[in-house]
Structures are given as structure tokens and as C-alpha cells.
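One chain follows as C-alpha cells, the form predicted on its own.
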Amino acid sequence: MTALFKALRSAYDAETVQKIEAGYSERLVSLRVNSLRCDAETARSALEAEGIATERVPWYPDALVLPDVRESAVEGTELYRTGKIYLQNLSSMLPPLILAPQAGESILDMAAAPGGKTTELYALSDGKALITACERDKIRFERLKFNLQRQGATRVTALCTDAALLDDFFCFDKILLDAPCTGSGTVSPAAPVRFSEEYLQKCVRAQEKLLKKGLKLLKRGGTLVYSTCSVLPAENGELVMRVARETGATLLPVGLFGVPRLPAPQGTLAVCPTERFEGFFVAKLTKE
């Protein structure tokens, strides 16, 4: 943790670092209702019938916060077992919302496991987007396939491959790159993070490679959403701005959400970790 705090102090002013460190606390449980199998009010009623209180989220009707229980209480419910809900942090729900998948669009999820964002993309498109989901790790790929099946995401094509190795012949309307990262936004008492300067630089190299590949695979006029669960600018705003300059890509505004923010380049979204939110970053790009 000492190395991470040193990196934070190099990146932000003292007040911002204090906010981030305060946000490294135990987080409330949140979930996403799978709109293809259930509606939010039905899910709320079923949870509250089992004594699980819920709170709505203003910017996402299918999101619920559970202020009084841990994940184990949810995992025992019929809703969870049948794929009507998916345990997911609120911050993690942002990239698919920003990508805004539509019926008939070809969409690539470049680093898809365990499948939370993939299945959210599928639900947001009412199951009518043509989604290709890549995961290079065989164990994580099996988890991805399990969650796709449980959530009823039947039209997703899952590939056990490194998206960076896809043939440039492929072309997609929209791409989600939820890039492998240091996880510096997810720290909590129950989830310390492995961090070193060497690991950070390894992540940055992989992120840059994947982002440049994603822009190659993107149709002209298409949309690519880049995200990480990191709060470090080296993986986020600095990387995105550098790649945009080198490739000629254009940043698009991600929109406004009622989330706690960190300093970030204009048009991007950096989420400060809190009791409800993991630290997160989202940027949206296009190419002419």
C-alpha cells in the first residue's frame, strides 16, 4: 500500500489524496437488475420480502443499492440463482451506459470477463446487439461463459482470445475496452491491492496496446469507450490523451452522472472511491 499512496501523492494534491484514501472503505453492496428477465420493481419487492432493503439509483433505473447486507445474503436468493440480478458496483455500470448499445449494432467487448459489462450491454440493447466478447485467460473465460448463460445473453459470441491479436479485417460499430489495470480504485479493508511502479508500467503498456488496437477495429464514426477501475492518471487521462494525439482519435463528452468526481481531462469521467463507488475512469472516443 505504501507504493500506491506514494503514486497517489505524486498524481494529486493533498486534499484529493485525502478524499481517495477516505474512500478506501468497505463498500455497500449494489446490483443490476437484468431487464431481460425481471423489472426493477419486481426485484425490489422480492428482495424486500426476504428482508433485504433496497435503494434506487437516480441515474440508472435498473441499479439498486443494498445498505444493510453483504453479498452472501443476495447469493442465496432465487433472483440471483436465475440470473435476474447481477452483483455489480455502481461505477462498473457506467461504461455500458456511456457506450449506449443499440439493436443491430456490432459491438466488441475487448476484455470481457467476468461478464458484468457484457451482459449489461446485452440487456441495454434488449438482446438485439451483435456482441463479440473476448477473454484471453482460460479460467476467466469459463466464468464469462457461465455468466452469459445465467444472464440469458444467448446472442453473445464469446472468444477465448487476446483482443489485441484480432485480425484488422474485423470492424465494429462500438467497442468497450474495460482495460486490465492496477485496480487502484477498488481498494478496501477486505480487498487490498497488489501495486508497484513496475506493475503500473506493465499495465500502461498493455492498456496502450489494447486501446490502439481497439481504434484500428473501430468503424469510422463509431464509438469506443475506455475504462479502468483505477484512480491513477497514468492509466487513465494521461494515457487516453496521448493515444488520441498519436492516432488522431477524438474525445467525446461522456455526459453527466451523479457520481463523486476526481480531476480528469475535460469530457472524461474519473470517479472518486466512496462507500458506494469504486474508483473508476471512463473516456469515450471516436475516429473520423
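We number the residues from 1 along the sequence you see. Predicted model only: the values in this text are computed from it and were never measured.
Same protein, other form: the form predicted together with a small molecule, not shown, and the subject of what follows.
This chain appears without its partner; in the predicted complex, the one residue of V187, A163, L218, C203 with a heavy atom within 4.5 Å of the small molecule is A163.
The contact with the small molecule in the predicted complex, taken as any heavy atom within 4.5 Å, belongs to A112 out of L211, L94, A112, L108.
The candidate spot formed by G116, R140 and A179 lies fully in contact with the small molecule in the predicted complex, as each residue has a heavy atom within 4.5 Å of it. Of the candidate stretches 98-106, 74-82, 149-157, 132-140, only 132-140 has residues whose heavy atoms lie within 4.5 Å of the small molecule in the predicted complex.
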